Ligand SMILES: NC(=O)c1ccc[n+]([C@@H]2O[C@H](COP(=O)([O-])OP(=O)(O)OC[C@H]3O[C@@H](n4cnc5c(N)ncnc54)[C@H](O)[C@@H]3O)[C@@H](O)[C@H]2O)c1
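Next up: just one chain, as structure tokens, the form predicted on its own.
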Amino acid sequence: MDKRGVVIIGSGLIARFHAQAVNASDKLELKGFCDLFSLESAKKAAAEFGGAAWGDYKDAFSAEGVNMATVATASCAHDEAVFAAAEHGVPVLVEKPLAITTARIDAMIAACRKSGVPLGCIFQTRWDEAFVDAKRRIDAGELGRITYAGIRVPWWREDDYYTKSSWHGTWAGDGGGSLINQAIHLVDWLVALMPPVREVKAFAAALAHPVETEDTVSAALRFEGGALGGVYATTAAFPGRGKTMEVAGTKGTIAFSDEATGTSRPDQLPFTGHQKCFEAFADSLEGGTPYPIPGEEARKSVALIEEIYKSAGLGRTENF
């Protein structure tokens, strides 16, 4: 098949991962960067990675050869980019979280459904061998009756991760703190592998950083069917350790841990997961296997996060 022409919305740190993933693929071709807030930044990214630079959606989405978009903006701006893609008929793949509230996600899904535009979310760790194996074993019933499922993300961020950003650790920009930003990949695993959560009891606090949201969350869960579970997420655990997940049952247990320490260098993460994610989305557009994380699936992690924040009594609202 012909290469998919990709425009990247945004030109910051995450956009660099997108650009590397696109340029490493023989299924994709980077057409350029669109940045509504800084055309100069888009030009710098284009000079480094290739393609053109645009300062508005209309020019980017109508450019010759553009037939796929990835969104790498601040979380609060994801929905605006998706609405524009839907308006111009461009399939769109969005960084996690799909949006910072389920209300916004519902509006994005509705807009894409109305225009017939495919919408997907980037949870690149769904392609990790550990997740694939866990899903196979659970779906096959190898664990028996599942009795517990829990995740831990004990990471660290320096203060400047928040103070040098206009949106990290804010309700309006990030939609929360350590839970929705750092822990959401394992929250996504939890909702993909387990039945829906029926009850949440949670605590959250800002214990080590100057944030208006939270840097530490602890929650107890009860799943449909009776299994219990837990969520622990923080950016206040110096020097940072690898994230873990455990799913226990009457016939077996899955225990996952990684080597990433979650320190203050997210720029050092690999882009290979993004590449697999992008290529799976591109294949789905050509009639291949449906993309496994459409808008409806991506909504589940944000819905659980909302329930945890609500139980913890944090000041999160839908009205940003």
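Because the structure is predicted, anything quoted here is derived from the model rather than measured. A residue's number is simply how far along the shown sequence it sits, counting from 1.
Beyond the structure shown, there is the form predicted together with this ligand, which is absent from this document and is the topic of what follows.
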| query | finding |
| --- | --- |
| Location of this ligand contact in the predicted bound form, chosen stretch of 230-238, 77-85, 190-198, 113-121 [non-hydrogen atom, 4.5 Å] | 77-85 |
| This ligand in the predicted bound form reached by all of Gly12, Ser38 and Glu95, non-hydrogen atom within 4.5 Å | yes |
| Partner contact for His185 in the predicted bound form: this ligand, 4.5 angstroms, heavy atom | yes |
| Touches this ligand in the predicted bound form: Thr216 (any heavy atom, 4.5 Å) | no |
| Lys31 within 4.5 Å of this ligand in the predicted bound form, heavy atoms | no |
| Residue contact check: Thr250 to this ligand in the predicted bound form, 4.5 Å heavy atom | no |
| Residue among Phe131, Trp156, Trp167, Phe223 with a heavy atom within 4.5 Å of this ligand in the predicted bound form | Trp167 |
| Answer option from Val211, Ala72, Ile151, Ile146, heavy atom within 4.5 Å of this ligand in the predicted bound form | Ala72 |
